[in-house]
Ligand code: HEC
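One chain comes next, on its own, written out as structure tokens in the form predicted alone.
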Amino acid sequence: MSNPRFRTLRAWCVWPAILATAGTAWGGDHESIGRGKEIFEREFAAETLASGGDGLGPVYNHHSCAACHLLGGLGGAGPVDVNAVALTADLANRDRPPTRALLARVLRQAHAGFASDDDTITPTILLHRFSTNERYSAQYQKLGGETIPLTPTAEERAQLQERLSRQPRKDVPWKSPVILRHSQRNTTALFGAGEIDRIPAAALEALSDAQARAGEVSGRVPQVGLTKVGRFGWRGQTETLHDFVLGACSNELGLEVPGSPQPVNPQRPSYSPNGFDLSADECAALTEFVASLPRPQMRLPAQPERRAMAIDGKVLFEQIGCSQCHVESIGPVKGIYSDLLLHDLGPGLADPVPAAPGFFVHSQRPLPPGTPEPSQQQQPQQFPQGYYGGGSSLAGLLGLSNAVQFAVDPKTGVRSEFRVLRTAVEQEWRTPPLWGVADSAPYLHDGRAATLIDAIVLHGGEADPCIQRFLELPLTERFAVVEFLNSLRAPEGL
């Protein structure tokens, strides 16, 4: 019997076709994939293009996709020095909330991306490392930005990793009534992303149902708005691979692309380019290249003793319960070792940029005969989102915590009311695929875990019983589990 806590999508009958549809299947030809590879490796420059685009920036984190996706080969994960830094606004005194106008004014003084001229507030923005404007450096440092070399040495990278492990989050005092919170996101590997894009929503729903029946873990299907299922991002906040690629182009490189504008220029908030930095065809080619990256593979050690240990470790991985969330296969996608669901991993991994909430159907009723055609306002509205999904602890002040959404099925005339599903959104994380994990250190959403052992023991919340069983294993068996994980390698030849 299904657990109603997780029936947030299938319970709604308004647009079932949307829920049954997986992400777009990309199957570009060799010429298109080759063109996408060139764009992926291209070092963008800050210059006006013939199309009216302005190239790299005006704020950006690096100059190419390949500069961040490099571990284990082209398209892999990234080291800590290319982490994205999110800046989230919070209230210094939650017992005395300010007016929206005051809050917006103070936030605009910090960074123009936080609040528009009409006082629309975006609780979380990216704190970009670089800008085409020389004045940005002083603002970046004032907001707590850390100076990181574009190409750090091994020693500099190790020092950065050690500091991040000690202090994965930090607060920056600001003018009353605001405090600013830093958090980070580590670059994920893109291997096998095309296969993930094709996983049906129904497969994720089935995994959620199975976990609810078993009872130890309780994964939630990531929702994008009311009707879509998330497959990408640390919070599962992005539905399709194409959306994920477009978001990275705009957020990380500052490129103006169709459907995803470049970030606000903090020195010139009203500025916008006169054209695109990448055309729709170029964006499609880029996605086709990413979708063509092969899935990682298990490669057992050649030495007989280590090989046997890795095989035993796989059995232990399943016996202690890791495979409840790190499911070996989802439908036709083999060896992914993820359920792609959101799980509560406890307060130790809480983050100020929470997962987007789920919605459930609170009520449904047919509209009376003769009711006018549904207006645009009656269609599903996206839950207000900050950077990479979610809101912030300002949600109550901004009227988001009790958000109610309405949608009308134009075919049946049924009006559905949706309400927010109460979950620990600041502690929920999408289960990262473990395929290729041996070549993707550091680990966890912000890269705070330098080793696999670090990553394992930092799990909490729903994972507590599993981690306890792991720690109770004899040392040789714990080594066997790690040996198994070290056999999950990035694709060869990239």
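Residues carry their position along the shown sequence, with the first being 1. All of these numbers come straight from a predicted model, not from anything done at the bench.
There is another form of the same protein, the form predicted in complex with this ligand; it is not shown, and what comes next is about it.
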Any chance A86, Q141 and A424 all have a heavy atom within 4.5 Å of this ligand in the predicted bound form?
no
Answer option from T188, S208, S131, T122, heavy atom within 4.5 Å of this ligand in the predicted bound form:
T188
Partner-contacting position among L107, A407, V420, C322 - heavy atom within 4.5 Å of this ligand in the predicted bound form:
C322
If we define contact as a non-hydrogen atom of the residue within 4.5 angstroms of the partner, is L127 a contact of this ligand in the predicted bound form?
no
Partner proximity in the predicted bound form: W234 to this ligand, non-hydrogen atom cutoff 4.5 Å
yes
Within 4.5 Å, heavy atoms only: does H326 come near this ligand in the predicted bound form?
yes
At the 4.5 Å heavy atom threshold, is L485 in contact with this ligand in the predicted bound form?
yes
Which is the contacting stretch out of 159-167, 263-271, 226-234, 96-104, given heavy atoms within 4.5 Å of this ligand in the predicted bound form?
226-234
Which residues within 60-76 place at least one heavy atom within 4.5 Å of this ligand in the predicted bound form?
N61, H62, S64, C65, C68, H69
